[in-house]
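In structure tokens, one chain follows: the form predicted alone.
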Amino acid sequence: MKTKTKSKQWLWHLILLILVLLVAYPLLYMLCSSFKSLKEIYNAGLSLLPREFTTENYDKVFSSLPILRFLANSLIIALIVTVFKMATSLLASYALVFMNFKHRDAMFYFFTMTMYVPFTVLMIPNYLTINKLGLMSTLVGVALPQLADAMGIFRMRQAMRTIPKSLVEAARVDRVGHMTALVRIVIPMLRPAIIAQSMIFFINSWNEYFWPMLILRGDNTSYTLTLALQTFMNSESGSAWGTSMALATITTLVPLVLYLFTQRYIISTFMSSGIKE
């Protein structure tokens, strides 16, 4: 019986290992190709390790593009979106869990329904709004329609429901305001969930391509890294693979490092988001 159990475990481990390799291979290929010459990329096939290690692709990226400016643009947008989404998610979730008011549950269900509205439905109204506000080709124009998130409200509400209401009620009896209770009681107890959700907001904003492409037109100094990557590939007619791989590696580096540091919080948040209703 134990032999059968161990055999099944080894089989599952083997399947998972294969899946991990399938997912990780494109990232490893991108990283290794960024240190290869163009000739070696064409001749090496699917081999990973470069025969002749070179940094010329990165030299070309930093010499031909204002890469630090693109990096700053992506960082500014991602930070603005993350801070505001987290703030609105916490405030809305606190009200939905610890405050009693009419139609509270109906409001929550309305929030959750907006998660199923496709972006293509909201794209034109948001675009016209940003245009009328005179925010085209600005970082604020990219961030403005993304300052609240229904999924964030849902996850923060689920996390807050694990906190005993008696703690907040006791604070309220002592005439502690709602904002003070949120900052001093609720947020410290939800630190892992807040870190995880903040990283999800940040990574999603960092990787976004289509909406910034619509708003950031004209002056390319306002481009994000994702836009710069696509623009560079188009300008090179898709032939400068080594330089494109180097730029893609730089674009991927920040969210990948953040995820590696916060993955345990992200996984635990996903696992607990639907436990209590």
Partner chain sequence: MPKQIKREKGRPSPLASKVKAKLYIAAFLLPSLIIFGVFMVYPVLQNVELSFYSWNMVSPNKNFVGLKNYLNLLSDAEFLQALGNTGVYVLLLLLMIFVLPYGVAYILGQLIKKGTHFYRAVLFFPSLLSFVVAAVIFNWILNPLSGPLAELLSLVGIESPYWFRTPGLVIFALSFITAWRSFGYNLIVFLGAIVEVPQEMIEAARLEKASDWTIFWQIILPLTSPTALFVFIMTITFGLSYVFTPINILTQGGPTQASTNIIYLIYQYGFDYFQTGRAAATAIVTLVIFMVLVVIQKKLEKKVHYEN
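Numbering follows the first chain given and starts at 1. It should be emphasised that the depicted structure is a prediction, and the values quoted were computed from it without experimental measurement.
As for the form predicted together with its partner chain, it is not shown, yet the points below apply to it.
By the 4.5 Å heavy atom rule, the three marked residues Phe101, Thr114 and Leu122 all count as contacting its partner chain in the predicted bound form. Shown alone here, Phe53 lies farther than 4.5 Å from its partner chain in the predicted bound form, counting heavy atoms only.
Contact between Tyr25 and its partner chain in the predicted bound form is found at the 4.5 Å heavy atom cutoff. Although the partner is absent from this view, Thr252 contacts its partner chain in the predicted bound form, with a non-hydrogen atom inside 4.5 angstroms.
With a 4.5 Å cutoff on heavy atoms, Asn234 counts as touching its partner chain in the predicted bound form. Although its partner chain is not shown here, in the predicted bound form the stretch 146-183 places heavy atoms of Leu147, Ala148, Asp149, Ala150, Met151, Ile153, Arg155, Arg172, Val173, Asp174, Arg175, His178, Met179, Leu182 within 4.5 Å of it, in sequence order.
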